[in-house]
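A single chain, nothing else alongside it, follows as structure tokens in the form predicted alone.
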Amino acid sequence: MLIPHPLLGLRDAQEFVYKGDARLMARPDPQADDALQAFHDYTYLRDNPAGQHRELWFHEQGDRSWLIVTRDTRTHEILKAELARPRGKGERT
């Protein structure tokens, strides 16, 4: 599988490490009233979608950048790859 790195072009997926659902970048607010339940869900509940899914990948064998890769889990077709960035409060991934 080739991943279209936004800065380096097409790279072999073996250069990367899959790190999970891209939604993990949006950590719950520890000061919120429902923080305990929010962190439980954040830590233990995962979707297993069939179809388009946004994933977090780390370019371990390259420039050590983080990418958000949009991939179809049924075909492994990569639809989009973008540099990951920290999200602000209330911003969704």
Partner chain sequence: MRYSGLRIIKEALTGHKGWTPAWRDVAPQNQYDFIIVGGGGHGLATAHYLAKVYGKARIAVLEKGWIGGGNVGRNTTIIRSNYLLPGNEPFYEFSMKLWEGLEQDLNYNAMVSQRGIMNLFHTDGQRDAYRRRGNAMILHGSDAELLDQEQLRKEAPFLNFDNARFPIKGALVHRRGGTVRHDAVAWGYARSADRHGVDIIQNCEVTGFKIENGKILGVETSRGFIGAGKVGVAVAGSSSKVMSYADMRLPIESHVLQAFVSEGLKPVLPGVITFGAGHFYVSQSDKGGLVFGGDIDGYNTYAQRGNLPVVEDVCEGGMALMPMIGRARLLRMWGGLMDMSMDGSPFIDKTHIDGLYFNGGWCYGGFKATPASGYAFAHLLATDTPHDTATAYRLDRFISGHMIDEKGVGAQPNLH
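Owing to the predicted nature of the structure, the values given are computational and were not obtained by experimental measurement. Positions refer to the first chain, counted from 1.
Another form, the form predicted in complex with its partner chain, is not on view; read the next lines as being about it.
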Its partner chain contact at residue 46 in the model of the complex, heavy atom, 4.5 Å: yes
Residue 73, heavy atom within 4.5 angstroms of its partner chain in the model of the complex: yes
Exercise: residue 37 in contact with its partner chain in the model of the complex, heavy atom 4.5 Å: yes
Partner contact for residue 1 in the model of the complex: its partner chain, 4.5 angstroms, heavy atom: yes
Within 1-33, the residues that have a heavy atom no more than 4.5 Å from its partner chain in the model of the complex: 1, 14, 18, 19, 23
